[in-house]
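Have a look below at one chain only, the form predicted on its own, in structure tokens format.
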């Protein structure tokens, strides 16, 4: 692995000799693959054999080998999500600190790993606003959130400062900040090429601007979770210090176990509770996370989840991509049911006939091919499933069933 000289000099001094050698050794081993089950869509049969539990996430597992996820219909059904194990530490944080329903914001949410985790873990009655500034990435976020199927989600496409104009106040904000990407080095050579100390400093400045822009939208006493997938202290500990000293917050501890081998603060003479996952020390590609609470107290609840959706629809300052309601498409006088409806947890599946497909049939369906269903299948709209997990709709004509799977979701190669 051809690492930048400046990165080697800085990071080896930051880690110390022993941790640095473990870090380098990790590059020689295979990248670990981990998945997180969707508790709302647990299939009746085990998805992967001999999977090893991720100890800081109830539904997280390491796999013995990386399967071809693209060809697995259960992935497309939203039964599980492929997620780096360190990122699943968010599960531990939320279970420990969030006990009552909240209005939550995932500010930098695409492609959706942490948002899908948040929506699975947050207490019943919570509402999640899942936001992404980049429109192309926001569409990927929309697909992943719709596949999870939970209704109490708004998908938005906004800059952080846009939320200031809405006067919304959140109980919980996650800022998984755009960073220099040092935690991507093992699986993305382009991340190595793009790295520089100047970029680290640029990222630090951008992260502080993002934090400053969104801070007024966190209610007094509310929680902010700050995370990156990078190792340096400039984007991590120094930014947590900034939040505490400049914005006004207290840093909260999270319960961890010694056998998880999570590293604390690496900033000299600063030992506040922060949590760093380093390859070679932990079974992770790299993550930094800190939990903060805004100073002050407020007896007023954040905007109620029931009114938040109406507020979003009425407020033109918010670019709303999805309000959590899976709806049919109107074509002339006919309503065409959508894959989002079939995947929704709230959709009455018994409204339409259902057919369970074989693996091969399900793969061809996801490839947007026409199907031939059993002869006794009623004509009209039919939900097709794999292992009793809904995938989407077809329109059965008798001799064939036309495929209604979204074009932009279709897999390209079988």
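What you see is a predicted model; the values in this text were computed from it and never measured. Numbering follows the first chain given and starts at 1.
The protein also exists as the form predicted together with S-adenosylmethionine; that form is not presented, and the subsequent description refers to it.
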Counting only heavy atoms and a 4.5 Å cutoff, which of 327-335, 106-114, 235-243, 91-99 contacts S-adenosylmethionine in the model of the complex? 106-114
Heavy atom within 4.5 Å of S-adenosylmethionine in the model of the complex - the one residue of 285, 171, 182, 176 that qualifies: 176
Please tell me which of 340, 133, 262, 120 lies within 4.5 Å of S-adenosylmethionine in the model of the complex, judged by heavy atoms. 133
Contact label in the model of the complex: residue 208 to S-adenosylmethionine, heavy atom within 4.5 Å: no
Is there a heavy atom of residue 137 no more than 4.5 Å from a heavy atom of S-adenosylmethionine in the model of the complex? yes
May I ask you to check whether residue 280 falls inside a 4.5 Å heavy atom distance of S-adenosylmethionine in the model of the complex? no
4.5 Å heavy atom contact, residue 160 and S-adenosylmethionine in the model of the complex: yes
